[in-house]
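In the C-alpha cells that follow, a single protein chain appears in two forms: structure 1, then structure 2.
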Structure 1
C-alpha cells in the first residue's frame, strides 16, 4: 500500500481519537458496514472472543464499552440518561436482566425478526409479565464452589468444611454485589433455606467471617481469578468460566459443581446473554445479535470463554464437557433462583453485609 501524506494524517487522527476514547474503540472502520451499534461487554476473554465472533460478519460495526465491576453497574449508567440511550446491546446475566425488564427498557424479540432464536430453548429466555421474550440467552453457566487441590489442606466434601480452622485466610468470598449474592443463596440452600429464607446463610457466613477463614472479599470475576490463580486463597465461589481459566494456568482445580445432596453444595444456574435496549439502533442490534447466535458462532464464542452455548445446534467444547449439565444433572445438582426476587433484594442484602458481616472480617 502506498502511503500518501493525506492517508497518514487521516490514520494518525483516527488513532489519536481512538486512544482518547479509551475503551470505546470501533472494531472496524465505520465506512465498511451498513450500520454501527454500541455494545456493552465484559472484558478479558469475553471481549476477545466476542470481538472474534463479531468479525465473522461485515454488516454491523460494533463500538465496545466494557463492564467495570459487577455487570449491575451498567443499570446506573442507563438510568442516568434514560430515555436517551447510549447503548444498543447490553451483555449481562439473569439478575441484571430482571431489573432491566422491570424498568421496561428492553425490546421484545421474536423468531420472525431473529431466525436464530428458534434454535434456543424457550425456557432459557427471560420474559416480561406478559410472556414476551426479552433477554436473549447466549450462554448457560453455573456458579459454584471450587478449590485448588495443591493448596487446600484437605478434601472439601461438605459446606461445613468451610469453617475448618485449617482454612484460615484461605477462602475468597464474593461480596453480595458480585454474582447477585448467589454464593449466599447456595449456602442457604445447603442449610434448608433459599433466596426467600436467607437467615441460615447469614448465620453461617457470620460464623465464617468470625473464623478468619475469609482471606479476600472479591468484587469482580478478575478478583476471583487473581486470588485463586496466585494462590492468595485456595477455596471460593465463582463462575465455572473463572475456575476454567484458573485450571488452564494451574491444572489443580477441583470443581464442586456436581456434588451429592448431603454435601450441601448446589450449583446456581445462570443465563448470560443480551438485552436490546429500546430507543437505540434496534434493527441493527437485532441483526447483529442474530448473527452472533448462529450455531457455529455461538459454539466458538462459548468454547473461548469456557461455557455452554445456548444454541441447541452448537456443540460443547471437549475440554469443558465436564462442566455441562445433562437434564438429569440439572435436576440433581443445580438450583435456579427467582432472579426477579433476587434483584429486588440485592440492595438490602448488600447493606446487611455491611452491617453484619464486614465488621467481623
Structure 2
C-alpha cells in the first residue's frame, strides 16, 4: 500500500469508531481544503481505506455518510428530498446504480473532465440509454462458475456438464436472493436466453434439481465458502472473492471465468464505484473522484479491501491478478445484464424458485 504518511496516521480509530455508529464524519478541518463534499460510503475497511485514499489529496474535504441497512437504502433517502440533494457522491454497486440512472439522478462524466477515467475500460462503466457514462467504476468483481480439481470427478467444459450424473450432490447453487440471481442469468445466457428471457434457465435448473446434483442451496457468500472449502460440494457459482478464499485454503480451484464462447460460461461483472449526483457540488465531486482513481490511489484502496482495481495502470495483488479483465477480455468472456430489469424482477424470481424449484430438491 503506497499511502502517504498522513494517510497512514489518519486511517485510525477516530474514523472507524464513527463508522460503527453510522455517523457523518468530517475527514479533516474544512479550512484546509478548497471545497467540501458529502460522500456516501460503506463502513468498516471500505471507509477506513477510502479515508486514507482521500487523505492523499488536499483540495477537497469529505464529510462521510455511511450506508446503513444496505446500499440500496440510499435510494429512498435520495428520493425523499429530490431534486434537493444531501449527497454529492454515492458509493454503491451495479443494481443500485441502475436505479439511480433510471431516475436520471446521475451526472454524466467524461475523460475530458476527469482524466483518470481514460485508464478504465469502457466496458466497466454503467451508461444511460444514450451511452453517456454515468456510474464510475473503482473496483471490479466477477460472478462465475468454478470447481475444485481435487474433488470434481471430471473436467467441466460446458454448462450442460452440470447435468452429468457423476456430479450427484456436488453442486452448490445460490438461491435467487444471492448475486441478484446472476447464476440463473448465466445459464439463461448459455442456452439462448438472458435476463429478459429466463425460461431456458428455469427449465435447466428444474432438470438440475430433479437430477439430484444440487447438494446445497446457498444464501450467502459464507455459505458458498463453507460448502466448497469443506468439500461438501465441489462445483458452484459465486464471486471471484469466494473462490479466492477457498483457493487460499485448498489451492485446487479451477476458475471458469474466461471460457470459450462454445462452453456457454460467461462471467457476470459487478462493478463497485461512484455516482455523482446532479444538483450537488459537481465540480468538487468530479475533482475528488478523479483523484481517487489515480493509479496508485486506486491500487492502494483495492489492496486494502482485497479487490481488483478498475484502473488498468494500477497493480493488482499476484494471487488475484488472473481475475482482472482487459477491455478485450470483457468483450470475450463477460456479460453485463440490464441491472435495472434484474432489480425489478428479483422478488418474482425468488417466489418462482420457491414455487417451482424448491419442491424438486
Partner chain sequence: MFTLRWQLLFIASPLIVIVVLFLGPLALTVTESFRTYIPGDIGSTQGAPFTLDNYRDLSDAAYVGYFADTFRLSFIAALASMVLGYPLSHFIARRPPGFIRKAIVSALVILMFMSALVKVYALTIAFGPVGFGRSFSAMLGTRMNGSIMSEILVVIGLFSFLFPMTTLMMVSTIQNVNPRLLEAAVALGASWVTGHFRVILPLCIKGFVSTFIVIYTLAISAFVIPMILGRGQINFITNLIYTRFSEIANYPSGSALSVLMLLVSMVLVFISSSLLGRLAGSQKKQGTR
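The structure presented is a predicted model; accordingly, all values stated were derived computationally and were not measured. Positions refer to the first chain, counted from 1.
As summarised for this chain, the first structure is the form predicted in complex with its partner chain, and the second is not. Among the listed residues (174, 201, 140, 109), the one located at the hinge where rigid parts rotate relative to each other between structure 1 and structure 2 is 140. Domain motion between structure 1 and structure 2: the smaller of two rigid parts turns 35° against the larger, based on C-alpha superpositions.
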